[in-house]
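Form predicted on its own, single chain, as structure tokens, below.
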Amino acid sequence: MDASYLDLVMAQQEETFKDAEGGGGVWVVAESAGGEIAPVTLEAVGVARTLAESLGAYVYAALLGDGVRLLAETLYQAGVDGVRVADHPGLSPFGLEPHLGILVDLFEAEGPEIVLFGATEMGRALAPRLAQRMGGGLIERGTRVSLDPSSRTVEAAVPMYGGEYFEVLACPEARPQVLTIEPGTFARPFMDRYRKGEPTMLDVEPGEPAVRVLGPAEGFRPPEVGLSEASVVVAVGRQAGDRARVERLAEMLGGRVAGDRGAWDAGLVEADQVVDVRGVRVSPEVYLAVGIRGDTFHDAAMADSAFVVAIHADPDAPIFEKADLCVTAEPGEVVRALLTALG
């Protein structure tokens, strides 16, 4: 048994190896949260390992932040072959320009084939700018990743129209290939506690971020999210009861108030709050129908809601055919109980 094979068996990794033929390897831009490597980073490492095995390449990670050097151990245990660490007080909290400048300098020197980010706030900010600066290709929010080994091209499935279907995207010519992956869609790799490595520390002096957070603005109220874009909608009908209570419920749930055509006729909502194919179509995460009996036009306009809760006194109300959770009771009493429970 030769020494190189023995090293692999014992999971001992050195920083002095030479890159495999075909480019500068597969890189993961790591994130930390709460003093630990972010779960999406570990998922990205698992994807990177699969791609690297097909390419005959190594997996590297770039870890930027303040006080993050010791977190490199987790990356080695997850399967990374080499870690580059920029540990500097100026890198926390996240600033776009300081992080981007360091990554561009690093990758121009290293020449990666593939760079993976999590589709997080940081990843969504850095990935497109990095691709543009380096003349690379970009695929965002991948949920399945594969490789065409003949052309060394990554192919990623990306959800369209809320996951109604998927498109397979690729960047066959541009390098590096920059991808962001959706958190929670890939398996985390096995953590080998005996696998170790010594990270390479980068000598950096981050520039000043162009945007700085000074504190909350006084006397400013951000514009409300449009009804069609709201993640929670509390819709009222004629039998909703006290409109003020419904408004408080919507506020406590972080949602918007709407209504059906009957609520508009009764003066409970304005014209731009009517959920109807002739009015506003909605597709929230939660649609709470309070005292709405349900009709064809209303039901069609909220049919794309992820979860529908219907409250109505009539057990035969048509809205119950569309609801995921049906509550047969006086809507006003249910609203009062919900306000008390949320308290």
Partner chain sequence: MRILVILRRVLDPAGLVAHARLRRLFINREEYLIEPGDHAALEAALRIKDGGGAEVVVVSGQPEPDDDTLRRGLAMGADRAIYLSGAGFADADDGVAAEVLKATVERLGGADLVLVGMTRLDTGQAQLGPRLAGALGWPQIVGAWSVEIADGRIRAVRRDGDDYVIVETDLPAVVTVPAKALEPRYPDGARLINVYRGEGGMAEAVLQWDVADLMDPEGLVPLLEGRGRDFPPERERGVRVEGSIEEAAQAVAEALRGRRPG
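Not measured: the values here are computed from a predicted model. Residue numbers count along the first chain shown, from 1.
As for the form predicted together with its partner chain, it is not shown, yet the points below apply to it.
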> Do all of F190, E198 and L202 end up near its partner chain in the model of the complex, with near meaning a heavy atom within 4.5 Å?
Replying inline: no
> Tell me, which of D242, D148, D105, E247 has a heavy atom within 4.5 angstroms of its partner chain in the model of the complex?
Replying inline: D148
> Pick from V257, L71, V85, V158: which residue has any heavy atom within 4.5 angstroms of its partner chain in the model of the complex?
Replying inline: V158
>> Using a 4.5 Å heavy atom cut-off, which of 77 to 85, 108 to 116, 190 to 198, 225 to 233 contacts its partner chain in the model of the complex?
In response: 225 to 233
> Does L91 make contact with its partner chain in the model of the complex, using a 4.5 Å heavy atom cut-off?
Replying inline: no
> Taking heavy atoms and a 4.5 Å cut-off, does R238 contact its partner chain in the model of the complex?
Replying inline: no
> Does the 4.5 Å heavy atom contact test between G34 and its partner chain in the model of the complex come out positive?
Replying inline: no
>> Can you tell me whether I139 touches its partner chain? I mean in the model of the complex, with a 4.5 angstroms heavy atom cut-off.
In response: yes
>> Using a 4.5 Å cut-off on any heavy atom, which residues of 121 to 145 would contact its partner chain in the model of the complex?
In response: E121, R124, A125, P128, R129, A131, Q132, G135, G136, G137, L138, I139, E140, R141, R144
